[in-house]
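Take a look at this single chain in structure tokens; it is the form predicted on its own.
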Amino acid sequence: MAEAYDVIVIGGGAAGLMCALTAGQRGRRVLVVEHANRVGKKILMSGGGRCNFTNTGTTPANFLSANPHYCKSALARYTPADFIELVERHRIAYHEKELGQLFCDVSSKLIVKMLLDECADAGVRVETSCSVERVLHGEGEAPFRLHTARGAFAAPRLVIATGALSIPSLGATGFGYELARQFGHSVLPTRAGLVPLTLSGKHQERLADLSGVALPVTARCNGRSFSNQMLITHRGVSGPAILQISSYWQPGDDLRLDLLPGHEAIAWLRAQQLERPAAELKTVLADAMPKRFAQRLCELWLSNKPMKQYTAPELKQLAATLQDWPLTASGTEGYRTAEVTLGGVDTDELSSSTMESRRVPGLHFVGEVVDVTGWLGGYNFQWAWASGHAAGMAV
């Protein structure tokens, strides 16, 4: 005989726990089933263990989706201020790092504890190490039936909060996509997002020994640009600017870097020529970027000579190269290190206000399994809270 609940949530991550506690607070009998040995593993590792739990500047423009309007309703109804109020009520100290990114002062464990305490207060049952073997859909008052490692459960409402494919070492799988297809939903093509880019051949050879060098850049691709740090790695490039642009880049796309962000390159070079005519270009550039990187640029991409020897057209060409430096990436590091998964359950088949399936009444999808992907910097957690809350208010 299956144990009956009002709502069953598959997945004990950010979106699943938010959905569960919201529904529980509304008097629903809620069960969360999590296949891993603990809930919130992605929360725990995020932000270097400090959890970048939201971004105060969150808008729909910070998200990628085949339907850019889909996220608007949920984000408007559960805002960063709403989550901050919850964090403050639990007396969790936090700080703003940069660009609206909020982090815990002490540990991401406090965010998981907060969510679990809220679930406990709302009477939510959370089962870990509980893998789902089968999900059936039939008739009657509790049409969704789950066969799990902990027995059989049934409910009239089922929420898929399984996450996606990024960071399989934390237990990420494509199970949510399998369930979506089982219930007749389309799943848009997935790929790794917020992920380091790899270089190959001569492009990698030219930079590999500079691994560990970081510099500010503006990365541009497909009409998008992000200004932040780039980190050179053994296999390619990483750092916030690269992670951000990776969500907009695919193999073969043109990727350009401004190596002098914040400067009008030609004006800066002309000023350097006047002030330091005897200084070589590599010495001058070393004031604006790491010395080793400046030297490598001058060895392979730029001519190096005293500033006074550059003609006006040559300075113009230098400026053009420095502000539009081509970076030929060959691929990404993949789901292994990706912070998010692009693509997912097609939002055209879901209600934007309740996250409910338009195909199967009582079935909801929240969080990363859905085709909504945020930028780096707390946006994906805000989508988890907002989508989880939207479903939690509807189930």
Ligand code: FDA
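Residues carry their position along the shown sequence, with the first being 1. Not measured: the values here are computed from a predicted model.
Same protein, other form: the form predicted together with the ligand, not shown, and the subject of what follows.
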Tell me, which of Val33, Leu350, Leu342, Ala329 has a heavy atom within 4.5 angstroms of the ligand in the predicted bound form?
Val33
Scan Ser357, Ser65, Asn52, Thr58 and let me know which has any heavy atom within 4.5 Å of the ligand in the predicted bound form.
Asn52
Partner contact for Leu170 in the predicted bound form: the ligand, 4.5 angstroms, heavy atom:
yes
For Ala20, is any heavy atom within 4.5 Å of the ligand in the predicted bound form, or not?
no
Find out whether any non-hydrogen atom of Gly47 is located within 4.5 angstroms of the ligand in the predicted bound form, and reply yes or no.
yes
The ligand contact at Ala384 in the predicted bound form, heavy atom, 4.5 Å
yes
Segment that reaches the ligand in the predicted bound form - one of 65-73, 22-30, 361-369, 342-350, heavy atoms within 4.5 Å
361-369
Can you tell me which bits of 1-31 touch the ligand in the predicted bound form, meaning any heavy atom within 4.5 Å?
Ile10, Gly11, Gly12, Gly13, Ala14, Ala15, Gly16
